[in-house]
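Here you get one chain, nothing else, as structure tokens; it is the form predicted alone.
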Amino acid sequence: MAEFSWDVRSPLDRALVAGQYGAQGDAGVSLTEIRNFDLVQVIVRRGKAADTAQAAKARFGVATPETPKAVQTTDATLIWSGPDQFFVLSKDGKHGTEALAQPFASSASLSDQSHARVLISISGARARTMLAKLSSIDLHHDAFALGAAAATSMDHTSVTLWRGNDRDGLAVFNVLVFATFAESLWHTILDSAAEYGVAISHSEELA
């Protein structure tokens, strides 16, 4: 009889090999898959934008992102994902679908995307140069400032991209991609970053 396992595994479980990749020496790009996060898509119901904004303000202490940007709170990030919709990214179930069901019961619909998306954090001195190969978004710090976000594509793959807090004085770019396309995009990113040297890892901590 075949044995089955219900253990949750990352879609990058086979593709991600922690360590150094590409050019030797100091890595110009760092790639980190963030695992075990909660991701809820909040979709505003017709005529309920003000009620949703009020519910979000009461829950998170910040306004909902109405334009392409990501807003960080003490324990969550609200990421614009399209007109009248946004993601809530968090950890440990504090802002999962069950926790958000009551606050948004009368104003928005919720969709749990925790296992439908892969989250990749990209940083390093050559991160912008590498990303320029894959995306038409202008990622210069004046054009894509801290907290900027975009629903865009990388190498013809739909992604949600936003700039998180800087690390060691360098910009950090976060990419959410559908799980079914994650491995393909991961290899494309590796190929694009190889000439700069890549430090590969995974983490349980949100960037």
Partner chain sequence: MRITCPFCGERELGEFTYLGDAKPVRPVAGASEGEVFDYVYLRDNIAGVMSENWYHGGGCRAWLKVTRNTLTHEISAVEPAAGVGAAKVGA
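Numbering follows the first chain given and starts at 1. Keep in mind that what you see is a predicted model, and the values were worked out from it rather than measured.
This protein has a second form, the form predicted together with the partner chain, left out of what is shown; the following refers to that one.
### Task
Would you check whether the partner chain, in the predicted bound form, lies within 4.5 angstroms of a non-hydrogen atom from each of T73, S90 and D168?
Checked in the predicted bound form: no contact with the partner chain for any of the three.
### Query
Can you check whether A151 is within 4.5 Å of the partner chain in the predicted bound form, heavy atom basis?
Within the cut-off, so yes.
### Query
Contact between G47 and the partner chain in the predicted bound form at 4.5 Å, heavy atoms?
Output for G47 is yes: heavy atoms within 4.5 Å of the partner chain.
### Query
Hey, in the predicted bound form, does S121 get a heavy atom within 4.5 angstroms of the partner chain?
No, S121 is distant from the partner.
### Task
Mark A99 yes when one of its heavy atoms lies within 4.5 Å of a heavy atom of the partner chain in the predicted bound form, and no otherwise.
A99: no, not in contact with the partner chain in the predicted bound form.
### Query
Since the partner is left out here, which residues of 57-92 would have a heavy atom within 4.5 Å of the partner chain in the predicted bound form?
Heavy-atom contacts to the partner chain in the predicted bound form: E66, P68, W80, S81, G82, P83, D84, Q85.
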